[in-house]
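In structure tokens, one chain follows: the form predicted alone.
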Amino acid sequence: MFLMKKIIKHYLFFIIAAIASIIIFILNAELGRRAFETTVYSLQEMLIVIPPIFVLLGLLDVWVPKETMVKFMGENSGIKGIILAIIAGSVAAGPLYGAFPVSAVFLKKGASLRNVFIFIGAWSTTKIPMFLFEYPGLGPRFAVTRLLVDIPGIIIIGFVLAACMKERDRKLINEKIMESTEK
């Protein structure tokens, strides 16, 4: 009985979503079919993106010593940590949900929250392929201006978010990171 409650609690959102999808399908078969197709498409995309990210995370976890990560992206890394976070986020491939497991490994290895926030911001807005698409499509003036606005904005947001974090929240994040990476 305890195991069943634990499973239901763990998968509650999925169970509710599945029930809602069945109800939608019963009420409107076409809408239900499109919702199912969208779900299948999203799962296929995740199955293509997530495995390579986890392989790279495993390599990062094994190959990069904690001392190196602290030196280059830790609390006292200064401008080099910020630049490295922006570069790492900008060259990363895949959708934004791929940034979160990478961020967890960065934090586990000693990167500062500020640099992780900057990394996530860069991943979401300064990707090189996006710039290469914008440059010919929207013009060099637009593409360069967007980068010149986004990069300082990302840095400011990283600093503000890190400054707003309470110590208990930082500890909770670190506990969750250690807990999730030990599994």
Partner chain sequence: MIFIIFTYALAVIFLLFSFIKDRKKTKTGLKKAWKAFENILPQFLGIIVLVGILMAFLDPETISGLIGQSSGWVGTILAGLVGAVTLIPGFIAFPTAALLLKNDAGYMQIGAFVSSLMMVGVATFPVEKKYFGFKASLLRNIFALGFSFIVAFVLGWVCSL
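Keep in mind it's a predicted model, so treat the numbers as computed, not measured. Take the two forms, find the largest set of C-alpha atoms that superpose within 1.5 Å, and that set is the rigid core. Positions refer to the first chain, counted from 1.
Just so it is clear, the following notes concern the form predicted together with the partner chain, a form of the same protein that is not shown.
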Flag T145 as yes or no: does it have a non-hydrogen atom within 4.5 angstroms of any non-hydrogen atom of the partner chain in the predicted bound form?
-> yes
With the cut-off set at 4.5 Å between non-hydrogen atoms, does A93 touch the partner chain in the predicted bound form?
-> yes
Using 4.5 Å between non-hydrogen atoms, is S103 touching the partner chain in the predicted bound form?
-> yes
Does the partner chain come within 4.5 Å of any heavy atom of T68 in the predicted bound form?
-> no
Within 13 to 34, the residues that have a heavy atom no more than 4.5 Å from the partner chain in the predicted bound form | F13, F14, A17, A18, A20, S21, I24, L31, R34
When the two forms are laid on each other by their rigid core, does M130 show a Cα shift of 2 Å or more between the shown form and the other one?
-> yes
Kindly check if the Cα atom of K171 is displaced 2 angstroms or more between the shown form and the other one relative to the superposed rigid core.
-> no
